[in-house]
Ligand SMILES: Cc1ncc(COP(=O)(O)O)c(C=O)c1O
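Take a look at this single chain, the form predicted on its own, given in structure tokens.
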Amino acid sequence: MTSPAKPSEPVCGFDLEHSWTEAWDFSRPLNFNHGSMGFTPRVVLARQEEISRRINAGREEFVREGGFSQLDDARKALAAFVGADENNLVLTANVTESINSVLKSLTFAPGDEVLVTNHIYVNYPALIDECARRQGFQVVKAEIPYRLKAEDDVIAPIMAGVTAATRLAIVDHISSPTAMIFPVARLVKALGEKGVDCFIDGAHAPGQVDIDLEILGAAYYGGNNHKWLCAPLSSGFLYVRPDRQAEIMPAVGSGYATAAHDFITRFSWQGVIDFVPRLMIPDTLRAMHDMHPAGWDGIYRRNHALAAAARRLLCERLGLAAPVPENMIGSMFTLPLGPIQFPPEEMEKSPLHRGYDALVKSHGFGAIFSQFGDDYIVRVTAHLYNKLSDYEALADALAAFIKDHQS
């Protein structure tokens, strides 16, 4: 192992060796995958248990005696946080529910096209292809390079995929496989000028970057709360611009999911669910804000600074080149690991588990890996519980992994 990470310049009053690890409970000493499901701090979990016990002591009282006003207060708090008019945002379980609600609500004519990119979340192509089969639209994929120099390298391939038949473009705010921040404001504007609506997959954006949905102006935006906001699982949202709300129905609907009801009401009752994750939104926003003396702005700035420093450390230690400029990452990044080969028995696993299982076995912690084109890449995250020297341990683990799997 090389010498420890160099001391860093303070960010919002703290150097990058300061962490808030004590606010969380972890099963492993090091965690570099906040992106998949996030981690919820202890103070929020305690409040979640308190609310859950209270509701379970009187479930019917909650439903019939004011519980829904509490849910509406949570929805409004989230709308304010992401810069949305409260009449344009509804609560969902996650972005998967949000994109299902939009795609399955839209009516397509023969020959209509839906534009996606090769940076899309791994589970969505099958969903979109099935919707295409049932609803009659064609799927067009824009190929965006993994290595690029500027935002224009994202915009050009997407706009090149637009035709007179393009009805909808599905683009990431922050890509799940590559961790790249897309220039969504520029894309929404450019696509809108061509008459194309956008569904922005914001699974990784809330809590990682500042968001103002009304200024962004996308027709549709889906976000998760359980990732970078650190809320309990099963908490997300869907934003729909007012001029597109009439045709959008919840993917799972009940008696209010009809054209006779307004957008907010349609999503207000989907049957009996666990309401607690939604009720926890205000507590989560407040707890995380109060954790850093500079609030959410301090969290954004500190986590980005840590991610950038960690990326530089890993590139230097492993002799790797960063695929995108620093302004195109938030609090997570990916790196290409070079020519990696696995024995035949490992090839039976998914690309994610080939690397993940190897790191857990050799070093006791994991990271997210994926195959992106010809590159086997690792995705690394940074949150308040991380500190810069953590990434020295990750560098050691990745160096051993690369050595053991060189072609």
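Start at 1 and count along the sequence shown; that's the residue number. Since the structure is predicted, the reported quantities are computational estimates derived from the model, not experimental observations.
Omitted from view is the form predicted in complex with the ligand, to which the following refers.
- Contact annotation: residue 94 falls within 4.5 Å of the ligand in the predicted complex, judged by heavy atom distances.
- In the predicted complex, no heavy atom of residue 146 sits within 4.5 Å of the ligand.
- In the predicted complex, no heavy atom of residue 89 sits within 4.5 Å of the ligand.
- Interface membership of residue 334, defined by any non-hydrogen atom within 4.5 Å of the ligand in the predicted complex, is ruled out.
- Only one segment in the set 281 to 289, 120 to 128, 246 to 254, 307 to 315 has any non-hydrogen atom within 4.5 angstroms of the ligand in the predicted complex, and it is 120 to 128.
- Only one of the listed residues (75, 241, 266, 226) places a non-hydrogen atom within 4.5 angstroms of the ligand in the predicted complex, and that residue is 226.
- Heavy atoms closer than or equal to 4.5 Å to the ligand in the predicted complex belong, across 171 to 197, to the residues 172, 174, 176, ordered by sequence position.
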